[in-house]
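Coming up is one lone chain in structure tokens, specifically the form predicted alone.
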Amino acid sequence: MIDRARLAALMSAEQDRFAAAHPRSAAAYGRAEHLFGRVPMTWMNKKAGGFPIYLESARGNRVRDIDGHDYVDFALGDTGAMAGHSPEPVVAAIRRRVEELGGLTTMLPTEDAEWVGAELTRRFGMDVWSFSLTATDANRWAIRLVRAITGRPKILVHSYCYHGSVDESLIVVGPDGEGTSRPGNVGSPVDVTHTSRVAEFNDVERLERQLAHGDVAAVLMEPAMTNIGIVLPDPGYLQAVREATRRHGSLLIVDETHTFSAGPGGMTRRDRLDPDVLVIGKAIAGGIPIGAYGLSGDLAARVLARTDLDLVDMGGVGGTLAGNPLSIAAARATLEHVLTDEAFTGMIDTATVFADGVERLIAEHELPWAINQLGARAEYRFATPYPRNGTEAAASADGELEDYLHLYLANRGILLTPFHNMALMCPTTSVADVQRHHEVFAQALATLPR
């Protein structure tokens, strides 16, 4: 439906506008000769404007760049800042740990860790917890544990899933229906089909066929896919996965790193899921690096009873910075004072206003798009009906259109998550912020050439 030549001309005009408005960011990017790809982390090169916006400051759901422009931030660090940027209770806890107490890396536990573990148990239901610095590491360590306890080598994931940079997750369903390495997979240590099996989300029959091989230690899954749009589970699908894993002797790892947006206990609490392991990260420490995995009491007892497993030194399930006093203090402040049960109610209500408004605008402009909501987050996809699995969602991608919409919004003070059309609400996101997005989004849709 989109005239691509005219879209390219509109994009060029937006890029010129962006360059003219961001001379200091452009200069900083040009000077960055000692950074790989000119950025601190290569994914920061996802930049529709030709160079990234450089950060000056951020508070709540507001960001200011070094050129003095203010933005309403719906990206929120792709969930890492779901509590908002620098929430005061977290800042106070960090200051107390740094200035009053000291001891940022000691390899010693703090009493706050038990409080955080107990709160995570209240929210998610897992019996015991261990900490990491990222959800990727938590997934890696959980994978080692399930392989050890089951004696099975393979992990089953969903095609186009997101579990950080875990090697085992970079597999997709190929054209022949079998697993193949995900396009762009960098330097995989072994062929991913040797370590992993794959099924389409919402495909119970395919999942059963893969589990029937008898070599799957665990299914590692998000209860809703969140990095290829928001692909929601069909009614009964999550329960079918749980039943199938038990029948085939596999464990179930639920990754709530993004789906935490569903509520104070994620989808696990909301939908009464019963995993053997639960992984979470990013949001629970208000922006300070952290990850965690929780184990059922039965699984924890089975692991601890294995005297042949080195869980203390070089067994591959820990790091010297994991569970450090700073991360744990930030997690307690975030869970106790910021991402509370009450805060989620307001965040979800605001996200509903966002999703309803975008759906209305899509209909008004007669676009074949759809939007899904998962608690405090919402995302539209260039397809209707909304895709039911990762392969369908990947096929609906449109990089040119996505870049144009993102840059149009950024040029007018609205930030979406750069990798997809996701908007996330934090406790300070207001309905007025959402209405401002809708005003600019409506203007952008009106410019689309057909």
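These numbers were taken from a predicted model, which means no experiment stands behind them. When you see a residue number, it is the position in the sequence shown, counting from 1.
Just so you know, the form predicted in complex with a small molecule exists too; it's not on screen, but the next bit is about it.
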Inset, instruction - Although the small molecule is absent from this view, report whether Thr121 comes within 4.5 Å of it in the predicted complex, heavy atoms only. - result: no
Legend entry - Asp78, heavy atom within 4.5 angstroms of the small molecule in the predicted complex: yes
Legend entry - 4.5 Å heavy atom contact, His163 and the small molecule in the predicted complex: yes
Inset, instruction - Report yes if any heavy atom of Lys282 sits within 4.5 Å of a heavy atom of the small molecule in the predicted complex; otherwise report no. - result: yes
Inset, instruction - Go through 129-137, 265-273, 360-368, 308-316 and give me the stretch that gets within 4.5 Å of the small molecule in the predicted complex, heavy atoms only. - result: 129-137
Legend entry - Of Thr110, Asn227, Asn372, Gln210, the one that lies within 4.5 Å of the small molecule in the predicted complex (heavy atoms): Asn227
Inset, instruction - Could you spot which one of Thr334, Asn324, Thr257, Ser169 gets a heavy atom to within 4.5 Å of the small molecule in the predicted complex? - result: Thr257
